[in-house]
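Just the one chain here, laid out as structure tokens, in the form predicted alone.
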Amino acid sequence: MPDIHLPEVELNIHTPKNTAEATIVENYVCTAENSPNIIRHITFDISGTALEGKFRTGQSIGVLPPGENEKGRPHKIRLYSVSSPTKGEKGKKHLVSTTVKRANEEVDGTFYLGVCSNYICNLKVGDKVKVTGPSGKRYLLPTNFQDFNYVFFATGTGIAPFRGMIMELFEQGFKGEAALVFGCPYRTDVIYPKYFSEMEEKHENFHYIKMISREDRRPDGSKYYVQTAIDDRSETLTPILEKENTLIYLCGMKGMETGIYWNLAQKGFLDYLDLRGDLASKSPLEWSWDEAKKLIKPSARTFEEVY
């Protein structure tokens, strides 16, 4: 396994107490044409700020929504994964993009509004917004990226960093194997479908796997999830996961990691995991779900970003 060399990054150049002003230059739906209007690609112009050229793909940008919460206090900064490559959206270092889901949902009878996500989704081209960053120093591509293969697991807007990472890899002539496993409830929820489909057609070493959970069923009647791709698409993923120089990145809702780690362990891919407690002394077939949830952590070969 080659050594992993992560780039040095600058952090928190602008903070909540010292925000920068950005201008919205793009705000468009980035799911299928007939999808509900809830997931959007947003691009900020940070020209003239100290942030210009400082964001790396995999980092996050902070947005400060205006107004106050129910307690009369100013809203807090919310972090959003950068979906543009390090050189900037469309190759312009002053443009930084992210992927945002409009947050309107009912949970146990209570209707929740995502203050910052809805604020961003409502912004129009030309609007000004207060931003901070960069944030994040580990969830990055190695500087020696050609030494590795990659498997990216994403659910929902967790795909944001992988858009930037995959752009960056292949624009720099990446020669290894890379696979993107993306999970969502319905086909209309697939994010950036045209870009990733075209990438798979163009590059033999890029594999695009969509796992749709609420439409089709697996042969045993269970649902397709990102973690089941380890079995369901084993003909593609196993040869990559077996390589000693493969790295895993996962991004999405908290809880997704346990299923992925569980399925990796069941298939014998233990090098991607850091097993705590007495898990290492037992066969994965003997683990309980609670043990897996508490005692499996990512190893140095696995990069995790959940929210």
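Residue positions are given as counts along the sequence shown, with the first one as 1. Just so it is clear, the model here is predicted, and its values are computed rather than measured.
Keep in mind that the form predicted together with a small molecule is not shown, yet the notes after this line are about it.
Although the partner is absent here, residue 1 sits far enough away that none of its heavy atoms falls within 4.5 Å of the small molecule in the predicted complex.
Shown alone here, residue 156 lies within 4.5 Å of the small molecule in the predicted complex, counting heavy atoms only. Residue contact check for residue 184: one or more of its heavy atoms lie within 4.5 Å of the small molecule in the predicted complex. For residue 145, no non-hydrogen atom is located within 4.5 Å of the small molecule in the predicted complex, even though that partner is not displayed.
Taken together, the three residues 163, 246 and 299 all stay farther than 4.5 Å from the small molecule in the predicted complex, as judged by their closest heavy atom.
Stretch-level contact analysis of 192 to 200, 126 to 134, 213 to 221, 84 to 92 against the small molecule in the predicted complex, using heavy atoms and a 4.5 Å limit, identifies 213 to 221.
Only one of 96, 226, 151, 141 comes within 4.5 Å of the small molecule in the predicted complex through a heavy atom, and that residue is 226. Proximity to the small molecule in the predicted complex, taken as a non-hydrogen atom within 4.5 angstroms, holds for one residue of 265, 51, 256, 241, which is 256.
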